[in-house]
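Take a look at this single chain, the form predicted on its own, given in C-alpha cells.
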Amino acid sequence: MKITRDLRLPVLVAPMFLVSGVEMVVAAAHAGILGAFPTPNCRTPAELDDWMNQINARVEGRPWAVNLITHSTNARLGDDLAILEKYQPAMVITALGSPAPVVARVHAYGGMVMADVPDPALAKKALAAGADGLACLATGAGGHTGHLSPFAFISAVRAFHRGPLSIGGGISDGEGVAAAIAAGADIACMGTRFLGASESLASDEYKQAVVAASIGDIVASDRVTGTTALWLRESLAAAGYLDPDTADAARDYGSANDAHRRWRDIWSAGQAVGSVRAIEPVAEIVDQLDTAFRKAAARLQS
C-alpha cells in the first residue's frame, strides 16, 4: 500500500468517537504512523473545517486520515465531504454505509478510500462500489466490534482482493502488528492501545479506568446501542446495563440524553486494554510498538 511507504510503522490509530482529535492525529503523524478521527467528533461543519485546518498546518506534509459516516441518516455528509475536498486527507475511511457517495470526489484530489467492513460479503459490496481498499473490523475491537478472527478474515478477503487492507481488533503491541502484516494486511489498526494517550480526548476518569483494566474487564453487549459493542465492565455496571434480563435497546449509534450518555459515560475499550499500563504520549507508545515490531520481524526472518 503506497501510503505505508511514508510511515515509520504500519499502524493506523483507529478513529475513535469522542476520543480522537487534532492532537492525536498530529502526534501520530509526527511519530511516523497514520492518525485518524471521525467527523462526528466535530459538532458542526465549521468546527470540522477548523480541525482540518489545524491538522494540515501542523503535520507538515505527513499523511493523515479521516473517518466519514456514509449512512443515509448522516445529514452532514455533503458538507463534510466538501471540507474533505478542501484539505485533502490522504485516506478517507467510510463507515456505516456504502463508500459510493465519496469515491469519485476523493479520487479527484488523489485520495484513497478505505471502506470499514465486518465481513467478506460487505467487503465485496464495498469494492463493487468503488472502494480502493478495506478496513476490516475483526473480533476484539472496541466500540461496535467485529465477530471474525483477524487471521481468518484476512485470509478470506485476500482470496478476492489484493489491494489495500487494514485489520483491526485486539492488536495490542508491536508483535501483534507484525503478526497482522505477516498474515497479509498492509496496516494494523489500533484503537484501544491509544485510549490512554496524553493526546486522547478521553476524560481523565476514562483513561484511569483503561489503565486499571485487564482483558477480563471487557464485556460484549448490545444493551447500550442495539448493536454488539465492547465496553468496560465498571461503566456498564454504573449505568445499569449488566442485568441479563434487560431488553435489548433500540438501534442507536449516537448519545442518549439520559443520566449516563453512551460513549461519554459508558466507556468502550477493546480486548487489547491490558496493554495500556500508563497515560503517556503517542510518541512513547509508538517507540514501544516499533521496538517490539522490529524484534518480531527479526524472529520471522530467522
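The structure presented is a predicted model; accordingly, all values stated were derived computationally and were not measured. The first residue of the shown sequence is 1; numbering continues from there.
We do not show the form predicted together with a small molecule, though everything after this point is about it.
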{"query": "T70 within 4.5 Å of the small molecule in the predicted bound form, heavy atoms", "finding": "no"}
{"query": "Partner contact for C189 in the predicted bound form: the small molecule, 4.5 angstroms, heavy atom", "finding": "yes"}
{"query": "is_contact(G169, the small molecule) in the predicted bound form, heavy atom dist at most 4.5 Å", "finding": "yes"}
{"query": "V11 within 4.5 Å of the small molecule in the predicted bound form, heavy atoms", "finding": "no"}
{"query": "In the predicted bound form, the residue from L137, A185, V92, L134 that sits within 4.5 Å of the small molecule by heavy atoms", "finding": "L137"}
{"query": "Stretch in contact in the predicted bound form with the small molecule, which is absent here, among 212 to 220, 161 to 169, 148 to 156, 101 to 109 (heavy atoms within 4.5 Å)", "finding": "161 to 169"}
